[in-house]
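Okay, so here's just one chain, in C-alpha cells, the form predicted alone.
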C-alpha cells in the first residue's frame, strides 16, 4: 500500500514538472514575437537616422561615405530578407551557398547604391516623426529637410521576423527599396538566363 501511494505521488510530481517545463519552454519560444513594439521600432530608427545624418554630413571622399553606409546596413538592415526578396521566385530554387554568396555581395551593392543616393542630401537633416503599426511590421516615418528645397517623407519598415529588430524596406519619395530591387534584380537575372552565380559575380561592380 505504501509503495502504491508513493508511486501515485511520484507520477503527480512528474506530471506537474512536465507541465511547468512545457510552460517555461512556451514562454521562451513565443517571447520574441512580442519583443517588437512601437517604441523599440522608433528607437531603432532614431539610432539609424542619427548615423545616417552623421555620415552624410561628415565630409570626406565618396569611398568613406560608402564604407559608412555598408557599416550602417550591416547593423540596421535585414540584408538577408532584402536580398532574398530581390531575387523573387528564383530564391526558392537557389542553394544555400548561392543565397549566402549573393547576400554577401548584395550588402556592398546596396550600400554603394544608397550611399550615393543619400550623398544628394549632404547638408540636410532627417527628422523622425511618427510610428504606425502595420500589423506584421512597424512603419517609422521621417522628414528629410533639405536646404533650399521642400522637405519630403521617408518611411522605414521595421520587423523582428529574423529574430532581430531590423529594417527591411525604405520608402523614399514613394519608391520602395524592396520593390525596386526586385524589379532590377529580376531584369539583371533575365539578362544572365537566371544564373544567380553570374549575377553575384557581376554585382560586385554595380551600384
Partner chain sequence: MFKLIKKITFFKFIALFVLLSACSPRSGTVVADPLEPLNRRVHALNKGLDSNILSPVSKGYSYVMPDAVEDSVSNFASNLSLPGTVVNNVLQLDIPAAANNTVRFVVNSTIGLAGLFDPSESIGLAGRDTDFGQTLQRWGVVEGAYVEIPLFGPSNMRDGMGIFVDMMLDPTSSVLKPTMSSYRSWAGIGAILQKRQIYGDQIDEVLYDSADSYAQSRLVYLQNRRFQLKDNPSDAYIDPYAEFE
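Numbering follows the first chain given and starts at 1. Since we're looking at a predicted model, the values are computed, not measured.
Quick note: we don't show the form predicted in complex with the partner chain, though the next part is all about it.
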Taking the partner chain as it sits in the predicted bound form, is residue 173 near enough to touch it, meaning that at least one heavy atom pair lies within 4.5 angstroms? yes
Is residue 124 one of the residues lying within 4.5 Å of the partner chain in the predicted bound form, judged by heavy atom distances? no
Indicate whether residue 195 is a 4.5 Å heavy atom neighbour of the partner chain in the predicted bound form. no
Looking in the predicted bound form, any heavy atom of residue 129 within 4.5 Å of the partner chain? no
Could you tell me which stretch in 52 to 60, 36 to 44, 158 to 166, 66 to 74 has residues with non-hydrogen atoms within 4.5 Å of the partner chain in the predicted bound form? 158 to 166
With the partner left out here, which residues of 170 to 207 have a non-hydrogen atom within 4.5 Å of the partner chain in the predicted bound form? 171, 173, 174, 175, 176, 178, 179, 180, 182, 183, 184, 187, 188, 191
